[in-house]
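Consider the single chain below, provided in structure tokens and representing the form predicted on its own.
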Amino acid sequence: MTTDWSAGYMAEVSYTHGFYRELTPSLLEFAALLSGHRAPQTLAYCELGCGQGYSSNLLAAANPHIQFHATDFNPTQVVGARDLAAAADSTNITFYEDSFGEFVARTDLPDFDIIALHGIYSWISDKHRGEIVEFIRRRLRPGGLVYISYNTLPGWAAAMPLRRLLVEGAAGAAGKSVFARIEEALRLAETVSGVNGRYFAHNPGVADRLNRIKGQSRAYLAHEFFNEHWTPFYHGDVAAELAAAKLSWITSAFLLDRLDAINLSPEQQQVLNQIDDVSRRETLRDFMVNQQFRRDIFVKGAVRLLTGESHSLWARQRFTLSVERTKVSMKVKGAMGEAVLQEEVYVPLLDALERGCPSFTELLTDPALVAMNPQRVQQALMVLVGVGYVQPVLSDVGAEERHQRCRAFNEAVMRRARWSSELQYLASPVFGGAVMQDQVSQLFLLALTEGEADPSAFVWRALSRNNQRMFRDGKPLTDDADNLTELRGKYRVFQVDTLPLLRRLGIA
């Protein structure tokens, strides 16, 4: 069921409270640097179709020098986003309850340095995509960046009929709640697969996709598969539409896409290297890797960095390890499969990053790295940032204000952890982005913030009020003492591994 104002978009169920890392200004600027392009000094940022507004709220707290504007047509989601902004005392973000057409018509908006839209373009009508392009044409400053993600062909080609099958299943439960319709859709798809429907037999990967879908959040599935409009795109078609706003593609925001060694065979690389047209090359590359989802960065006026400019920006750029060292895997996955990272490069680099926030110049003069080729260190940093183990660090300018604002935001989020596990990310003033922390970790941190003598008991009181239980070996613990024992074990790990990381990232 849709409403008149929803224009075919799923409005019965609110979107998830996710954080989407590629929206982070410092990461977008670093991606531009890797591609050899000049990024703007970001002072004004706009997110189109912000959903619950959690990403924009977190980024506003972590980047108080930027004015954020975000719009979503769902009033329930806008109310929730504004409430969180108020709880965090955020003054540099404004939320609008506007359709794209209404947002285009506004005369009270600034021009923007970054316009971002995550997971929107594939789920709206031609008309609304046209409004987005017009908004970008009017409101993006020359030199500004656009981040856009969308479902991609040919990767979705085999599974497109599965989406139609799900829609047919949901139609069989017309008049019921959206969650009941989703369950009916999944039952029908399982039935067709179970009786050896030849679609599944001829597309063996679809059965695996259906199994993954069954384990996903029903709220996520509602927005992913059950909108009226659902269109995967070839990259070249998106590039052609955005050309009307004078945009040029410069790189992927998913940095591992830049690493040909894990994505393309030598023969595939040779074919692509013979194609000069950027849009054609990227579209053909998607055929090589069977791309299903793209995270693209476009620019309005692509200006290449001079060699001296690039060297200067690299020299000053600092980096930090943003996960516990024990969580760093020495393997990385690409379209070609799994590759093993070279320990002689990555181990000393990780050691240096774990000690602080060194600049690229400082890394090159580290005794364990000084003999390495700078380009090799650059590539290793790109990989580590791409996987999410490492983040590009912000300037020291404004650091004190960032710490204050992130503290206020994080405390607002942690207070909600007393009652809900929906919000899973905290803001880091060190790199201006998010660190994932589950409800229990947030409550441990809240206990320390509030001076609780027994953090584990504090957490158990909060969880038990909500009838939540800890799990051991996949089974819920029913006894209070067992739950408390499990929490005490988790707190010891939190103290040893997580707390030092949160302190280094300015969160604790």
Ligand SMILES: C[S@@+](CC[C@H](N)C(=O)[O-])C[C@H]1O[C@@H](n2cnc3c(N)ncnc32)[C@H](O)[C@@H]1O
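Residue positions are given as counts along the sequence shown, with the first one as 1. This is a predicted model, so every value here is computed, not measured.
Quick note: we don't show the form predicted together with the ligand, though the next part is all about it.
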| query | finding |
| --- | --- |
| The ligand: the contacting residue among C46, L58, A31, C50 in the model of the complex [heavy atom, 4.5 Å] | C50 |
| Contact residue in the model of the complex, from D98, D286, D366, E241 (heavy atom within 4.5 Å of the ligand) | D98 |
| Contact flag, R416 vs the ligand in the model of the complex, heavy atom cut 4.5 Å | no |
| Contact test in the model of the complex: N151 vs the ligand, heavy atoms, 4.5 Å | no |
| G119 within 4.5 Å of the ligand in the model of the complex, heavy atoms | yes |
| Interface membership of F254, the ligand in the model of the complex, 4.5 Å heavy atom rule | no |
| Residue stretch of 73 to 81, 232 to 240, 134 to 142, 382 to 390 approaching the ligand in the model of the complex, non-hydrogen atom distance within 4.5 Å | 73 to 81 |
| Output flag, V323, K327 and R504 jointly within 4.5 Å of the ligand in the model of the complex, heavy atom basis | no |
| Members of 156 to 178 lying within 4.5 angstroms of the ligand, judged by heavy atom, in the model of the complex | none |
